[in-house]
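Single chain ahead, written as structure tokens, the form predicted alone.
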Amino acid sequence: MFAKPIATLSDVSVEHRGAISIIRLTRPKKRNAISDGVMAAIGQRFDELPETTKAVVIDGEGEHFCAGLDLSSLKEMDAVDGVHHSRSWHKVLTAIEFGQVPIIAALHGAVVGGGLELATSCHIRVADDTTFFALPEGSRGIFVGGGGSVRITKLVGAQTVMDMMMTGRVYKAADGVARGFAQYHVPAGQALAKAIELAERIAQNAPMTNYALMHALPRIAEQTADHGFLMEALMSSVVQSAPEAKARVRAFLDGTGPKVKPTGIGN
């Protein structure tokens, strides 16, 4: 039977910088490919974040963000083991997507297969000019198993995902951003700095607003309009009832709070 993977924490580092934390894949010789142990380590790093962390950046050491599943660690499985293997990835990536804090992915080099599944479990993605997106599963005789058929398809559509897996099509940074794989496009080598900039800005938001955006907004988008309107009303009332929200509204009204300006975070 499928054994619970042991977290290989040496392959995933964590750095705390005030209100943000940086979780980094540290397998550059493997192009940061993910084994079950690495995925378990990612989950453990998130579980161990201090309460002071208000936003997280995920990065990859070296030239690549993540080249996907570490095929050298993939043993032959029967159907039951295969299901448990896939579900173990689902558990970690779903906990990331619907966790306590927003996550920004700093993408560079390969964002391939399981690496793209990891990236799409994050809430914001920054791609630099070296980034390329691919799903080579078709040529390797496998199928996405870390939630890609759901998350990636929601971002770019079933036809795009089908084309990528059938033909091995690769999207470079600019085309990938235009398709919706990432929200920001920056020059080579600047993804991490931009991701940190965004994380620091996001960490200043009211925590319940960030929570509502992470947990309620995606579900509202999948509901019928009448159900979505009701959830919006309920979530809005919960968020604005928080003491911090009331204080921020008062600050805006008395002129001491921030105003929307035409200059802001772009690209």
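Treat the numbers as computed from the prediction; the structure is a model and nothing was measured. Note that residue numbering follows the sequence shown and begins at 1.
Missing here is the form predicted together with a small molecule; even so, the following discussion is about that form.
With respect to the small molecule in the model of the complex, the three residues 31, 89 and 132 uniformly fall within 4.5 angstroms at the level of their nearest heavy atom. The partner is absent here, but in the model of the complex a heavy atom of 110, alone among 177, 110, 119, 103, sits within 4.5 Å of the small molecule. None of 192-200, 145-153, 95-103, 168-176 except one has non-hydrogen atoms within 4.5 angstroms of the small molecule in the model of the complex; the exception is 145-153.
At the 4.5 Å threshold, heavy atoms of residue 67 reach the small molecule in the model of the complex. Proximity of residue 84 to the small molecule in the model of the complex falls outside the 4.5 Å heavy atom cutoff. A residue is said to contact a partner when one of its heavy atoms sits within 4.5 Å of a partner heavy atom; residue 71 meets this definition for the small molecule in the model of the complex.
Although the partner is absent from this view, residue 128 stays clear of the small molecule in the model of the complex, with no non-hydrogen atom inside 4.5 angstroms.
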